[in-house]
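Shown here is one chain on its own, the form predicted on its own, set out as structure tokens.
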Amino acid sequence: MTPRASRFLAWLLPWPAVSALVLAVWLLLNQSISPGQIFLGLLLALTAPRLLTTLDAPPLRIRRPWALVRLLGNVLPDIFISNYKVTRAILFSGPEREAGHVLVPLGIRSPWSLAMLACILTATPGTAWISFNPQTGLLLMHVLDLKDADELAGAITRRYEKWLQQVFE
């Protein structure tokens, strides 16, 4: 392949795996492999990754893959337990349930670590990422059934931040 053709292919498909995934998801969601759906899926698969290049994200570098497995081992049970607790709190708790906000001091600064933590906290029922102040490193989050803010902040640091640092920073 000539250098010119190689540059054109890199421009056309900056992330081939993302393009393939977009096409596959498009076809699965539409439950059709008709020519029209394939055409629309290809159009989306070629344009979506080009739009992602404008985000100017730093390159993803996973330092310790085993730490990612350990992080997943913490996250999945926490999501399951949180589902159970939130369901129980909604169905069986009276007005004594206390929702609140928690400030969590974070040491992580990598955009990838922060994005992963935001996904984890948002995917965990009963918690929501509200804002992060990059100057102070403070995360503000909302908790549906808050019992001990300090305990929750410590748990986030121990169970998630520690492993995110090992994976991304």
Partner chain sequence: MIAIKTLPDWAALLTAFLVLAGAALTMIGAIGLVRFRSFYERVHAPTLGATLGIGGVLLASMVYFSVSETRPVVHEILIALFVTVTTPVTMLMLTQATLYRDRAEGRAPKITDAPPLPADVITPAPVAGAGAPSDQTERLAGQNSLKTGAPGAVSDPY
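This is a predicted model, so every value here is computed, not measured. Residue numbers count along the first chain shown, from 1. Definition used throughout: the rigid core is the maximal C-alpha set that superposes within 1.5 Å between two forms.
One more form of this protein, predicted in complex with the partner chain, exists but is not displayed; see below.
Between the partner chain and the residues L144, L44, I38, L68, the one pair within 4.5 Å by heavy atoms in the model of the complex involves L144.
For the chain shown alone, A99 is a contact residue for the partner chain in the model of the complex, at least one non-hydrogen atom being within 4.5 angstroms. Proximity of G154 to the partner chain in the model of the complex: non-hydrogen atoms within 4.5 Å are present. Although the partner is absent here, A118 sits close enough that one of its heavy atoms falls within 4.5 Å of the partner chain in the model of the complex. Not displayed here, the partner chain is kept clear of P49 by more than 4.5 Å at the level of heavy atoms in the model of the complex.
Using a 4.5 Å cut-off on any heavy atom, the residues of 108 to 138 that reach the partner chain in the model of the complex are, in sequence order, R109, A118, C119, T122, A123, P125, G126, T127, A128, W129, I130, S131, Q135, T136, L138. The Cα position of W129 differs by less than 2 Å between the shown form and the other one after fitting on the rigid core. With the core superposed, L28 shows a C-alpha displacement of at least 2 Å between the shown form and the other one. The pair L29 and A128 is at least 3 angstroms farther apart at the CA level in the model of the complex than in the present model.
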